[in-house]
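First comes one chain, alone, set out as structure tokens in the form predicted on its own.
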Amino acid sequence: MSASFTAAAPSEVGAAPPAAPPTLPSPADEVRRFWAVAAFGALLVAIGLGAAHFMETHGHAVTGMSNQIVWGLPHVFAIFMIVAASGVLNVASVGSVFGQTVYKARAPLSGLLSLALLGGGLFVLMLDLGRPDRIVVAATHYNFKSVFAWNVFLYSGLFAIVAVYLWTLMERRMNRYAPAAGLAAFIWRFVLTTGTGSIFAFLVARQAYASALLAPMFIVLSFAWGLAVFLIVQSAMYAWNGLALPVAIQRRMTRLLGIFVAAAAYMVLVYHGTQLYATKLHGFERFLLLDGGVYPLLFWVGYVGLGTLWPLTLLLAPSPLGVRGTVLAAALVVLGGFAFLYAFIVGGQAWPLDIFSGYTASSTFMDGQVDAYTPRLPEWLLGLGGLGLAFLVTAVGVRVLRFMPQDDFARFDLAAGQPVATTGTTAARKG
């Protein structure tokens, strides 16, 4: 990750002298910094693997999970990364499918982040389900009545399509196929996120999830979460190279994130509105939104307050949002996403199944009772291991290949964001 600058065009008489280019670290310092970053990511992955091995050898008794709550904190990490992997690809789709030049320059980074996040999510998912040594069986024996079997194809299909898409973007001879590959990735990511939402919607034994709105809700949530992750990584890359993202581009992307966050909040509102319309779900909605302990707290404070309202005030403010404000808003959206998923996934399992409608069930197997769940340390570490893998793949990919957005500053009026005549001022970058 390095940057180089060509000489700026001569300034007009009387005009202020051009600002000096930022001081960049020496090549040796940059190499040391890269290896430090890579070692940090590898350490997180090793810790995640160690946590998975500990749970594998000691059993799920060392976790906070139970027979009722079988998807705990690691699944929150996994689902967030898988949904965000779909959403981050939206940046490339806006460029390739809808022809937006600003986003087209960011398509390679978008594809890399999609692969990294999907890899991190599957890392957690496979190690959390137990018996990862049986992955070959799961990949060769299918029950097509199960949405889980569909997802085997959806995940592997996204890997293959995005890999081909990146090839068409980065190999000049294949560039003419990029629009077709981008369209295929655009369609596939919608199907994949539909499958992720349907995992919950189709569950028979967890009536709290049952809603046809979950698939479209997850698609809209993926827009916000994926773009938030993209903006954080993009800001880090520009800071690493001592560059500043053009104000016009930053304003356009932050506004888009604001629209996505608002749309996601609307879909969540509609989802809970339909749930409240069904009398049989009033108990669950009251539990999740009012008196369920940590779950209402995470929903209202974590998702609504910190993850939606606060970012919206930053992203949709009339004044331009700086780099720090952009990163803060995006980080809040990410944290809000984790809070939403924890309340949705764990809270939905903690609420008991209504076995006999109109009757109260009780047994020694906790029928009719709200179950308790507290995540244990190995679960936190496994989730962080998945994030570490996504971080490591991104860092190495950006170091090895040209994933840095290649903006044509000579044709872009940084103040107004409109194409202008070439002035002779250029900035060459190498990702």
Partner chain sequence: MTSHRRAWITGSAAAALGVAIAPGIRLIEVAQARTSGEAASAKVRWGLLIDTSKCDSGCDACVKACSDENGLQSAIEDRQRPQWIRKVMLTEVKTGRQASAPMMCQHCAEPPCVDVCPTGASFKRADGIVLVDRHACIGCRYCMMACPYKARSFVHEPLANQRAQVPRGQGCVESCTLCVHRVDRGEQPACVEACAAAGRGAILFGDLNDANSEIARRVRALATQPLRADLGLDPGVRYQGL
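All of these numbers come straight from a predicted model, not from anything done at the bench. Numbering follows the first chain given and starts at 1.
Below, we refer to the form predicted in complex with its partner chain, which is not included among the displayed structures.
- At a distance of at most 4.5 angstroms from its partner chain in the predicted bound form, none of the three residues 96, 255 and 274 contributes a non-hydrogen atom.
- Exactly one of the stretches 174-182, 145-153, 285-293, 238-246 approaches its partner chain in the predicted bound form with heavy atoms within 4.5 Å, and it is 145-153.
- Only one of 400, 377, 70, 36 lies close to its partner chain in the predicted bound form, with a heavy atom inside 4.5 Å, and it is 70.
- Residue contact check for residue 31: none of its heavy atoms lie within 4.5 Å of its partner chain in the predicted bound form.
- In the predicted bound form, at least one heavy atom of residue 365 sits within 4.5 Å of a heavy atom of its partner chain.
- Heavy atoms of residue 140 reach within 4.5 Å of its partner chain in the predicted bound form, making it an interface residue.
- Contact annotation for residue 313: none of its heavy atoms lies within 4.5 Å of its partner chain in the predicted bound form.
- Heavy atoms closer than or equal to 4.5 Å to its partner chain in the predicted bound form belong, across 335-374, to the residues 349, 353, 354, 355, 356, 358, 359, 360, 361, 362, 363, 364, 365, 366, 367, 371, 372, 373, ordered by sequence position.
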